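We begin with a single chain expressed as structure tokens, specifically the form predicted alone.
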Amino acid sequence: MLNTLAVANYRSINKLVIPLGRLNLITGPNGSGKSNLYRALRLLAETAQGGVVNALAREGGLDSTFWAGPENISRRMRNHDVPIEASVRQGPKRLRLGFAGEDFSYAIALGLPMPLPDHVSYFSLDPEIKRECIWAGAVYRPASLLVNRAGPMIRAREGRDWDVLAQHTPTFDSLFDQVGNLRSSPEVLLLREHIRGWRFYDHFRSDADAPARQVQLGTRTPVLHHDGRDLAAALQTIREIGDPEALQNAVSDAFPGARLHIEPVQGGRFAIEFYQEGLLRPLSAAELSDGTLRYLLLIAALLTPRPPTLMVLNEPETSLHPDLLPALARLIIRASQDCQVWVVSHASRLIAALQQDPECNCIVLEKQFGQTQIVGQGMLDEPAWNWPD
């Protein structure tokens, strides 16, 4: 489980260190930085997938993602005694992302390449990975460092010495792409697989052409695809190797008197049949309302027979009637018993229902002087965190 998430110099986030629990609820007014925090977590996930540089390119390039305000806002600026203005930077400009886990912690720093006088490249705006570190425990200390990547060189601790794992690592490749085996660097391998296990569900499609509305070829599906294309197979997989009772309870909790059936059709394809009280025939996926379809997709995601290390739901209340949100909250709370859950929401009824769980870690964001901050978090309230030098 992740205990701490740290982000620096990313969009509206100048410096932010967030405590995490088993069930995390991120909320706040529009424009407070919820989406930026969600995107920062997705960037962290891309480091283990080999796509962090491409992900930054899709956002407009590294330079456009940097925090646009001054490095530090003084007390006089906060009191409006002097205008907010740039100051001399104390260090190089870096986008920093990191987290502290129960066993290992990780941090990455990205920056722009140094210009060379005799070398002209069309890729001079491509981000470079300047530093990556893996250490034991929650707080970085030089003595706890296990794997250290500085520029192109990656080294791993070997007793009291350091073993060089790679000397010419491309600046656009993470150490997760280059090293990682059980003999020389088990920490890299374990952490890479941990991050690759994160699951993100963001705005399922529910339009007339949505993949979830189509009859699809059915194979065992313990993990719902991020666009929901294998919904029928995922629901049937829960019935056969998951918790069929929880599946039926989730449907009945949201739609009293309703039941779900998966019908095999010609050619090994699966079709959804949704029985509602008072109707003489079942409804197909193509006939379901947007809200009903999205709720079935959330059921399939949250009742997965193969829980991930981290599941992230971005505004799961989209298209749902407010009366469905208490049932959705109960479903999320149940899922948080099997994996760490992160929910981004601004639906007051869902927020209130999730906060009834004593383990709900509610993080309310606000924006002050353009910076995303946690409401009520002072310097002494932040989790202990040190960025590697």
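In case it trips you up, residue 1 is the first one in the sequence shown, and so on. Since this is a predicted model, take the numbers as computed values, not measurements.
What comes next is about the form predicted together with a small molecule, which does not appear here.
Interface residue remark: residue 349 is not counted as part of the site for the small molecule in the predicted bound form, having no heavy atom within 4.5 Å.
Contact check for residue 12: a heavy atom falls within 4.5 Å of the small molecule in the predicted bound form. In the predicted bound form, none of the heavy atoms of residue 322 sits within 4.5 Å of a heavy atom of the small molecule. Proximity of residue 67 to the small molecule in the predicted bound form falls within the 4.5 Å heavy atom cutoff. Stretch-level contact analysis of 58-66, 327-335, 355-363, 44-52 against the small molecule in the predicted bound form, using heavy atoms and a 4.5 Å limit, identifies 58-66.
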